[in-house]
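Take a look at this single chain in structure tokens; it is the form predicted alone.
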Amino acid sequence: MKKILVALLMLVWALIPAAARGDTDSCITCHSALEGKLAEPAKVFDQDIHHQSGLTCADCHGGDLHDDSLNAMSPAKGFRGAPKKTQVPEFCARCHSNVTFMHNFNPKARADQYSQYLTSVHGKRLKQGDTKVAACVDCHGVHNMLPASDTRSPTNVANVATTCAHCHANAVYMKGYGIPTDQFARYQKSVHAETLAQGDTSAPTCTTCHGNHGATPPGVSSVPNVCGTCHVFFAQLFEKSPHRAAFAKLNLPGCVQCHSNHEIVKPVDDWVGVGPKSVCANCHTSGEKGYTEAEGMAQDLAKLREGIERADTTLDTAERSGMEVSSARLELASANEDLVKARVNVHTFNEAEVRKLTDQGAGISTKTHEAGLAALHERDVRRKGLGVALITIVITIGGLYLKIRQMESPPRS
């Protein structure tokens, strides 16, 4: 019984990470005394998430961390050294695909990254021997891996685009793959990048659309589905529109035709219609139903927008004059909501659907404009009344003054 207890204690002791037991790590000691690349791991490993979790060099590379001699790196002691590029995913998967092991550190930790990676373009090409494609360490780092929640991490949502750009924006490195290398430059001009830079971490970045470990291009036929994961209502409207069938027949990606893909800028009303900035005119020509519908939608949007601006200007003037127009302001907000909804309904590509909202909003804007004019009229009436009152008061005061002077003056002899 005593031998069994001793064996169990030795097993538990062996399972506890060396760093947690306070043992010295000969790997760190030795590499700290070296120079250049050999010293780098020892310098940065202290902040690595693996080290912070109590793991040591030997947990990944094998060997004996208690042996201060070169014999510590003997294959007989399990030393496996640094993996080749083609071996990296499987090397990391020894732990990261082990659900039981990973849950010891984080119950929410995923254990499917390796299986996903094997389905990706990166994983497939690496399997074929292409060592230029991204493997785990190319994105996460090597000995200085940080959790994705750390803003210094290359996989933090704010840094993902820059991380992908290390390869995908390098024209020399990407030569031979036949894909563009301007995606990062275009993404930086997008409303998505602008929103992300303002601190909104829900804004899309590369992995939002393309995936991360199972990184595969979304494909022409699934672009609306990819965009629709965030823009759900837009996708629903597009599905019912005549464009869905037309684009499918021509094998064209729906959303991209109007919004582009990486350089997605904030849309404006001028996109609808037939003007110089119109995207509708890129496909439709005069005389076509689509051209007529686009022209009608543009006019409806312009009518409502101008009505709101007119009412807003009138109410502003009334407010600066000290008139109470808060109720009209509240009503005008509803017209603005109708304008937003009408802009969304453009994705139906049906003028009647857009006009329902623009007519409703136009009615509200007209009503609030008239309320503003009424307030200004009341202001003018008040001003006239005040003017008359002031004149009456001045005349009265003048008359009283003259009367008092007359009463105080001595009587004539």
Partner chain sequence: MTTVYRRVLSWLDERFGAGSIEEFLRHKTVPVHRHTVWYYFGGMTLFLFIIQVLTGILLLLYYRPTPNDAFESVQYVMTQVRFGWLIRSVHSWSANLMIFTAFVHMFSVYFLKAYRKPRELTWITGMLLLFLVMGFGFSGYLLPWNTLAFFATKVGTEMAGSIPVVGKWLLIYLRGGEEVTGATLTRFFGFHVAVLPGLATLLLAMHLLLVQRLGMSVPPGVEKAIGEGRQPARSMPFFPNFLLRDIMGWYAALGVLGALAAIFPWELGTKADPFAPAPAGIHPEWYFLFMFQTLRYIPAKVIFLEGEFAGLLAFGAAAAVWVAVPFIDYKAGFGRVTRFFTGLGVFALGYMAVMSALALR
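Because the structure is a prediction, the values reported are computed rather than measured. Positions refer to the first chain, counted from 1.
Although not depicted, the form predicted together with the partner chain is the subject of the following passage.
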Residue 200: heavy atom within 4.5 Å of the partner chain in the predicted bound form?
no
Flag residue 326 as yes or no: does it have a non-hydrogen atom within 4.5 angstroms of any non-hydrogen atom of the partner chain in the predicted bound form?
yes
Contact with the partner chain in the predicted bound form for residue 97, defined as at least one heavy atom pair within 4.5 Å: yes or no?
no
Does the partner chain get within 4.5 angstroms of any non-hydrogen atom of residue 322 in the predicted bound form?
yes
Heavy atom within 4.5 Å of the partner chain in the predicted bound form - residue from 66, 377, 43, 383:
383
Is it true that 393, 396 and 403 each have at least one non-hydrogen atom within 4.5 Å of the partner chain in the predicted bound form?
yes
Specify the contacting stretch among 131 to 139, 326 to 334, 226 to 234, 168 to 176, defined as having any heavy atom within 4.5 Å of the partner chain in the predicted bound form.
326 to 334
